[in-house]
Every structure is written in C-alpha cells, then in structure tokens.
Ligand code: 0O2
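The chain below stands alone and is given as structure tokens, in the form predicted on its own.
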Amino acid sequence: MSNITDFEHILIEGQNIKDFINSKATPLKELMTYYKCAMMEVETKFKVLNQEFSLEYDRNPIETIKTRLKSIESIFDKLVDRSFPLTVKSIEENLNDVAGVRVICGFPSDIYSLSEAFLKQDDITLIAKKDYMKNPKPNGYRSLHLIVEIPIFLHNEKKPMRVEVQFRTISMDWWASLEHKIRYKKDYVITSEIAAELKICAEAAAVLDNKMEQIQYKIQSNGIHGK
C-alpha cells in the first residue's frame, strides 16, 4: 500500500508537469501560439461586427471582449483528470477550451444577434452550443457558450483551431465573477444556504437584464435617442 503523503503527491505532480513540458517543449509552444492566433482571429471578427452593428443600431452592442489562454498546468490537470493521453495531439483532439474568448454585451438580445451573425460567417464551424440563458445551470449561472473551429493562416498552411466563445451581459459577467470568487475562496465551504442566496442574486440579475432591455425597446419604439 502506498504511503505517499499529500506533500509528496504535490512534488510528484509538479515533476510530471515539468516532464510534460520539457518533453514536448517545441510542439507545445507552437500549439499555444496557434491557439493565440485563433483567439486573435475571433476577437477581430467581433470587433468588426461591433462596428457594423453600431452603424445599424446607433450603439455598440459589445461592452468588452476578453481573451484567455489556459495555462499549461490547467491543461495537464484536465488531461490527467479525464484520463487522456499526455500528448500535444491529445490536447487538440480532446480539449475545446484551451483558447477562450468572452464577449460582454449590453442586453440579452445583443448576445443572440451577435452569435447568429458570427456563426453565419463561412469560415466558422460550430462544434457545440450550450444555451445557459434559456436553461440556466442549477446554481443560477447564465451565459451562451459556443465551441467553434476557425482557420488560422500560417506561412505554409491553413490550420483549423478550436476556440470556446462565451457571451454574457454585464450583469451575467458580474454575477459569475463574484460567485466564482466566493465559491472558491480558500478554506471556505459554501453551505446550501449560501448557495441558495447566490442563486437568488443570479435570478435578480436576470430580472434586471430583462427590465433594462424593456426600457431600451421602449426608447427605440418611441424614437428617443439620448447622447
């Protein structure tokens, strides 16, 4: 029977990560660069759409665009947790969220308009879609998630890369960010009572989103334009 302590386990895991990186340093570096390029391609597409929508609707539907590249440590942990091979090929084949782009919008309707316009582009391939706006997670989380494939153009080839795209309103993002900080606070256990209160806050944010959108519709229908 193994007598490995928690501290020894951490050292072993750390050594495994180091071995994983050292043994695949060059192809791993190349792959992470490809993911960065894919994120830039997606980000640029949304910046262009934001400009186009601003001409049509006299306002910018996108408040913020955030990009995130998963760390090597997180990638390693996910491969191990899911019993996937520790190879560069395995990362591409099995992980869809290495590269992430988050689009923060003003109103829920903006999310659907932007996502539909984005998916209509002929170089975007939809791999998976999860609508947590229409069907929130049990904890109250709301968002629209897409896994897409987009080509990046290298000096001698065109390479398809996968990117996770998340759409949230300002209130969805505010709630999700704070909920994550609270839920994963070190040495703190979330009780069922706290979880219920967090869900109530998520529902209140959804009500606020809907109310603000109703006000926006009312302004547009009355032809009122503010500065």
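Note that the coordinates shown come from a computational prediction; the quantities given were computed from them, not determined experimentally. Position 1 is the first residue in the sequence shown; the rest follow in order.
Separately, the form predicted together with the ligand exists; it is not shown, and the next lines address it.
Q: Check R68, Y141 and R168: does every one of them have a heavy atom within 4.5 Å of the ligand in the predicted complex?
A: Affirmative, all three are within 4.5 Å.
Q: Which one of K89, K134, K120, K137 is close to the ligand in the predicted complex, taking close to mean a heavy atom within 4.5 Å?
A: Residue within 4.5 Å of the partner: K137.
Q: Exactly one stretch in 30-38, 55-63, 173-181, 192-200 has heavy atoms within 4.5 Å of the ligand in the predicted complex; which is it?
A: Of the options, only 173-181 has residues within 4.5 Å of the partner.
Q: Going by a heavy atom distance of 4.5 Å, is D97 a contact of the ligand in the predicted complex?
A: Flag for D97 set to yes.
Q: Using a 4.5 Å cut-off on any heavy atom, which residues of 80-107 would contact the ligand in the predicted complex?
A: R82, D97, R102, in sequence order.
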